[in-house]
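Below sits a lone chain in structure tokens, taken as the form predicted alone.
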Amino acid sequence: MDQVYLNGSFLPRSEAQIPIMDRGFLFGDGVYELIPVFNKKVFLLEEHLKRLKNSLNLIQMNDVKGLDKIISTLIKKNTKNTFFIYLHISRGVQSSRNHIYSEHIEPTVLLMCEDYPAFSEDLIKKGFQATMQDDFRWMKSNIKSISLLGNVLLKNYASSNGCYETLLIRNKKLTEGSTSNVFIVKDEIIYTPKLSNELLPGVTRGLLIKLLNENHLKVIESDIYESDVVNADEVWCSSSTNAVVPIIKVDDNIVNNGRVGNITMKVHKIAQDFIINF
């Protein structure tokens, strides 16, 4: 896992260096993607690169060409079969620290492989806890920005309180989790927050909606209020690292009598079957 790609070269991770004047280091000026690789096959590459291109466009950067070939080479250089590719593009290096960036600056492009172990079936069946907090992040959360301090603080808040995730509330409405999208179930109907600038258009979120429709499970993208989460029959989080993470307790509110719901487990199986057969 020690081979990385940095600005045109493949080299050991220990030898990869980025200048201190890189705008990603100084300003968090850049975007990223996290792309799963299962059994040496890159998962939903087109969808991930499409989202990356959109993020680049929203921060006024040009698309980076040839990423698919770099990813293919990096996979071949990796001895493991299942892992994640972290793809990081910053605006690049300037001679001085200045909020205003040059139009001709060359981007810094980094790709490296990371392990994010999936939860075991026993843990999925047991379920997880979550907490709710105000969403104090910036107003363009639809950009997959490397500026993740808000998410870091919120995820660590969850961890320090014995929870898997922090569910984020803005103007009394659910946006997403600190590192995930969120689904709830009420009266056998599945709901997830509709896309806006306040939440990330998760690739796994999109996949789940597609699979739910194909399996005749009703799913609605709509506003979800804090009270809807508290009164939900089932709750789960989704991300590239774990497609379905059941939530059985949100703060002091017990979900489904503290048991993982039938619909959540069905969706988990649907997602796992898709991944296995991809």
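Here the structure is a predicted model, which is why all the values come from computation and not from measurement. Start at 1 and count along the sequence shown; that's the residue number.
Beyond what is shown, the protein has a form predicted together with pyridoxal-5'-phosphate (PLP); the following relates to that form.
Although the partner is absent here, V203 sits close enough that one of its heavy atoms falls within 4.5 Å of pyridoxal-5'-phosphate (PLP) in the model of the complex. Contact check for S240: a heavy atom falls within 4.5 Å of pyridoxal-5'-phosphate (PLP) in the model of the complex. In the model of the complex, pyridoxal-5'-phosphate (PLP) sits within 4.5 Å of a heavy atom of K144.
Looking at H88, you'd find every heavy atom of it more than 4.5 angstroms from pyridoxal-5'-phosphate (PLP) in the model of the complex. Checking 232-240, 217-225, 245-253, 55-63 against pyridoxal-5'-phosphate (PLP) in the model of the complex, the stretch whose residues place heavy atoms within 4.5 Å of it is 232-240. The contact with pyridoxal-5'-phosphate (PLP) in the model of the complex, taken as any heavy atom within 4.5 Å, belongs to T179 out of N78, T131, T179, T108. In the model of the complex, pyridoxal-5'-phosphate (PLP) lies within 4.5 angstroms of at least one heavy atom of each of the following residues of 22-57: Y32, H48, R51, in sequence order.
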